[in-house]
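Okay, so here's just one chain, in structure tokens, the form predicted alone.
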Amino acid sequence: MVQQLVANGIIAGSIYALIALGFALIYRTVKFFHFAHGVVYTVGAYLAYTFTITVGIDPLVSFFLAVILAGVMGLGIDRLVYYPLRRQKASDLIFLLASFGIFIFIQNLIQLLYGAQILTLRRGPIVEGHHVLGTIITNTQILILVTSILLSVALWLYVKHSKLGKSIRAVSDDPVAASIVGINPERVIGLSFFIGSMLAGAAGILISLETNLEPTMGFTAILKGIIAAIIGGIGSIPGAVFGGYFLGMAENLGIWKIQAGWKDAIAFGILILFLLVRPGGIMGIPTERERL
């Protein structure tokens, strides 16, 4: 029983980590909560459904097309909505309201186009999972785990060692100083939105292979992603991964003795605890009191 809960926690954590990674990457450059990240997650899943089920394209090709288009969508949101607000030097509250507005608009557009019914990406008969160390894990769950790890490592290496990755870090630390040394902050912000949105789209597709699609699926996803990012330290790439797996494990082990419906309550309880004990998160920037 415990082994299966641990396995389920690792799989859930893999999805949370991908969402938190994209959210953290975007937050590092723009410094506001991009709630519309959740609806990009939804769009990625529905694009994969359209390409695979409706059009009949090969699932692997559909996955890559949907992920790239999710990235383009995230970039489009920034260019069409956030960029004009940045030029007007809008407040964080305006950005937050705009993000909520985008989320609600696109979520309702998805429901208008696809209907409110539950859809599925799964095809073919259900195959029994593999028995590993007292747990049962399916091929889809293995795919989720492996893909999440590969994408997480690839993003970390990219931000750590590539020229554009170093530009992201420079803009995150000081946009003005970065522009003085020849870095274009707007180009870096656009790149962050593109990469972060691709990660959200990938997470949406992967979870849809395990569960189902519905227009409102992005709301819970972005809440879990934000909680995971805060646990690890908002804006921290390794912290986002840690927070995702920590949250997945805590949720699944937390329902060992109680009903599964308490998962969300456990997640928010953990968030409150971390905000009270360590506001900067496990791997975040220390608070003023901690500096002293």
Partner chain sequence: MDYVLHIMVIASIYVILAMSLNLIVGFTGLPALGHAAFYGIGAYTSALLALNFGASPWIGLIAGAITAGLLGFVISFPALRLKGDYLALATLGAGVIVYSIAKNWVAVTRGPMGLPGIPGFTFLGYPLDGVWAYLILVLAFVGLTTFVIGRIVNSPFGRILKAIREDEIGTQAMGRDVNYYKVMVFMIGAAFAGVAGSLYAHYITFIDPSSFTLMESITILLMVVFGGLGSLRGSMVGAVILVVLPELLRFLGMPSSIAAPLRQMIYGLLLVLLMIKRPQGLMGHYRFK
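This is a predicted model, so every value here is computed, not measured. Residue numbers count along the first chain shown, from 1.
Absent from the display: the form predicted in complex with its partner chain. The rest refers to it.
When contacts are defined as a non-hydrogen atom within 4.5 Å, none of 55, 114 and 140 contacts its partner chain in the model of the complex.
This chain appears without its partner; in the model of the complex, the one residue of 26, 226, 241, 66 with a heavy atom within 4.5 Å of its partner chain is 226. When its partner chain is considered in the model of the complex, only one residue from 146, 136, 97, 177 comes within 4.5 Å through any heavy atom, namely 97. Remark: of stretches 204-212, 151-159, 106-114, 168-176, the one touching its partner chain in the model of the complex is 106-114 (heavy atom within 4.5 Å).
When contacts are judged by a 4.5 Å heavy atom cut-off, residue 219 counts as touching its partner chain in the model of the complex.
Its partner chain in the model of the complex is not approached by residue 132, whose heavy atoms all lie more than 4.5 angstroms from it. Its partner chain is not shown here, and in the model of the complex it never comes within 4.5 Å of any heavy atom of residue 245. Looking at residue 33, you'd find a heavy atom of it within 4.5 angstroms of its partner chain in the model of the complex. Within 4.5 angstroms of its partner chain in the model of the complex, the stretch 77-102 places a non-hydrogen atom from each of 80, 81, 84, 85, 88, 91, 92, 93, 94, 96, 97, 98, 100, 101, 102, taken in sequence order.
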